[in-house]
Every structure is written in C-alpha cells, then in structure tokens.
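Form predicted alone, single chain, as structure tokens, below.
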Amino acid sequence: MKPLKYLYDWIDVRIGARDIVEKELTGYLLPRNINVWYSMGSILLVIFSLQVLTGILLLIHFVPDADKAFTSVSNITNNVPFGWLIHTCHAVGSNMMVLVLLLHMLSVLFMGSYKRPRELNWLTGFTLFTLVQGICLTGYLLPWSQLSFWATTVATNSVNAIPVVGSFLVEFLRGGKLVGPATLGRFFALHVAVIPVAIAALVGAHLFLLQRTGVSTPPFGIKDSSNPWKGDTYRYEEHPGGIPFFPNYMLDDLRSISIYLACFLGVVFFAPHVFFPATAFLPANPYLTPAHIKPEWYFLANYQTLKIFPSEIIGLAIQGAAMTFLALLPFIDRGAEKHPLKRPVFMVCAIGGLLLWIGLTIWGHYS
C-alpha cells in the first residue's frame, strides 16, 4: 500500500488530486431522498460505452459492401472467436439503450426535473433520444438482411410524404431512387462516425449542464415539493446535509448497473432472438418483399400512426407536433409544483400519452 500512497501523494502535489476528490466525489452532496431512478443516467453511460467497445470490435471484421455485408456478419457470428457474443451484445444493447433512455426520460417527467432552470438539460437529453433512435436506425441496415433492407425501405418511404422536399429527402437519404449500396455507405458513415461523435458531444454537454445546475431534488417524501429555483439569477442547487456521491450513492449506482447487466446478459444468453424475427437472418433480396415487414419495436407506434390516417402527411404532422410539444415542455409547463400527484392535468396528459404510445405499439406489432 505504501507505493500506492507515494504515487497518490506524488500526483496530488502536481495536480491537487485530493482537492478534486473532495470536490467531485466525497464532497459532492446529493439529496437525502434521492432514489434509484437517478441511476438511469449512469446505466446509460455504461450502455453507450459497451456499444462503442463492441462496435469497434465488430468493425475489425465487418465489410460495408452490399455484396459482402451479410456474409461478413455471418462470418463474425459463426467463425470469429466470441464473434457471436460481441455481435449479440451490440444488437441487444441498442434495444436496451432505447428502453433505458425511455425510462430515464419518464422519470425526469414525473419528478418534474425538466423545470427551470433545467430547460437546457431537457433539450440536450431530448436531442440525445432522437440521435439514439437515429443511430439504431442506421445500424439496423448494416447487416444487409431481408428485414433490415425492407424495414429501411419502409422507413425512408415515409419521408416522401413531406410536401415539396419529400422526394428530395428520400433520394438524399438513400443516395439514389431505391435502397442500395449507396444507402449502405451513407448509413455506415452516419452510424460509425457522425452520430457517435454527436452523441458523445451532447453527453458531455448534458453532464456539464448537470454539474452547473446541480442535481434536482426529488419531490417525494418532503413537505415542500415545489421548484426551489426562484428569480432570474444563476444559482447552483446545493444539498446541505445530503449524502456524498462517493462512496454512498456510487454504491447504489453500482448496484443498479449490476442489475441492468444481469438483465442484459440474461437476454443475450437465454433470449437473444427476442428482438429479431426470422427475416433478420436471411440475406437481403430486393426482388422479394416479405409479407409482414415492420420496423423495430420503438418505431412501431410511429409506423401504426402512419397507417391509421388516409394520408401519411397527417400522420407525420401529428408525430411532428407531439415531438415538438415534448421538446418544448419545460417552456410550456412553467408551474412551480414538481410532485406528480399534485399536478392532475400533467398526470392525465402524461399517463394518457403513455398508454396511447403503448397501445399503438401493440397495435403496430399485431396489425
């Protein structure tokens, strides 16, 4: 232990390591009534890190060519040592990332953590949610399977309903009139370079904003659950008498991460095909349209909305209005109260919207 202490003292003299630990770990206080939902952010950081790691390993053997992509994925899963594990972890991880991100956003909504002065926190988080959907959509095409080819065709076709620029946007996304090799090249570039860099930058911005505003106090178990921020001057939300992040809440974080990893590995080892129908394991055939092609589960509600209305532009307009409303929610809901049970209008709208989304998702799955 003495060599480690000597090394720590040596580093401390040069960069003030003890001051950093005191400020960012042991001296960083959190509300005493903090709950497990606050661990969702840490879980998402772990998921994103695993996605980057497994993605880099897959890039060693993946060939982004329309004639070789499916074969290279088959080679990874069948011939490369532990390739099946890396590929399955990456594929399942993308679905789990969307699921945990949805839970994280729901917890922020119901605890009123989006209210001022955290409007920018919400906007960066909402943009991250959109980018995660984008990186999942672009990665969906890369195996060049029958499912990914036709699901991408359906997804890009919906853009054609946008007036004036719809046909241009479809051709821009595909790199041509139809989904083909150019589409694969564009989606590959977006998936491995453009969107990951954007996500990493926004994660950094999101954490910076969290550091500057402080952790939002949960509205549960306290007498006054109103927003403590008053006025138009900057103020960091302190938590005197709170619990230190290290080691107290870090242990809770590690517990939550361990539970997530147990669930994640349970799916990987015991139900790896739960997110993938049989058409996900057939090579793409542009001349054979599957009978029932559907997008990923997190796009099923959007898919079903387009099917409900006689014109796709109406469905797109409704979805655009809903997304805009959610993005601007902190500027619309400016009330001071944060406890969900003391916000009846919010509760009715939030639960109604959630049930509608679940209903459309189930309907889209079975329709």
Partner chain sequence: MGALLMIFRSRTGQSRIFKGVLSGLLLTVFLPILPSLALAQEQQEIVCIQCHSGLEEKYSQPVKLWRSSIHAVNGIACNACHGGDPKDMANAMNPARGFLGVPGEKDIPAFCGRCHVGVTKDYLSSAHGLALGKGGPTCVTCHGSHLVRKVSLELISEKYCTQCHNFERAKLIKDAMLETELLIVAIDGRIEGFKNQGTDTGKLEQSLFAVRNRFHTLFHDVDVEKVKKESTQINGELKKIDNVLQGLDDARRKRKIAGACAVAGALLAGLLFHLLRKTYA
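As the structure is a prediction and not an experimental result, all values here were calculated from the model. Residue numbers count along the first chain shown, from 1.
Another form, the form predicted in complex with its partner chain, is not on view; read the next lines as being about it.
- None of 58-66, 338-346, 22-30, 320-328 except one has non-hydrogen atoms within 4.5 angstroms of its partner chain in the predicted complex; the exception is 320-328.
- Just one of Pro196, Gly134, Gly175, Pro228 comes within 4.5 Å of its partner chain in the predicted complex, counting any heavy atom, and that one is Gly134.
- Site annotation in the predicted complex: the residue of Leu120, Met105, Ala205, Leu282 reaching within 4.5 Å of its partner chain with a heavy atom is Leu282.
- For the candidate spot formed by Gly16, Ala17 and Ser148, no residue has a non-hydrogen atom within 4.5 angstroms of its partner chain in the predicted complex.
- Although the partner is absent from this view, Trp297 stays clear of its partner chain in the predicted complex, with no non-hydrogen atom inside 4.5 angstroms.
- Although the partner is absent here, Ile43 is not a contact residue: none of its heavy atoms lies within 4.5 angstroms of its partner chain in the predicted complex.
- Remark: Leu316 counts among the residues lining its partner chain in the predicted complex, judged by a heavy atom distance of 4.5 Å or less.
- Within 4.5 Å of some heavy atom of its partner chain in the predicted complex lies at least one heavy atom of Ser158.
- In the predicted complex, its partner chain lies within 4.5 angstroms of at least one heavy atom of each of the following residues of 254-276: Leu254, Arg255, Ser258, Leu261, Ala262, Leu265, Gly266, Phe269, Phe270, His273, in sequence order.
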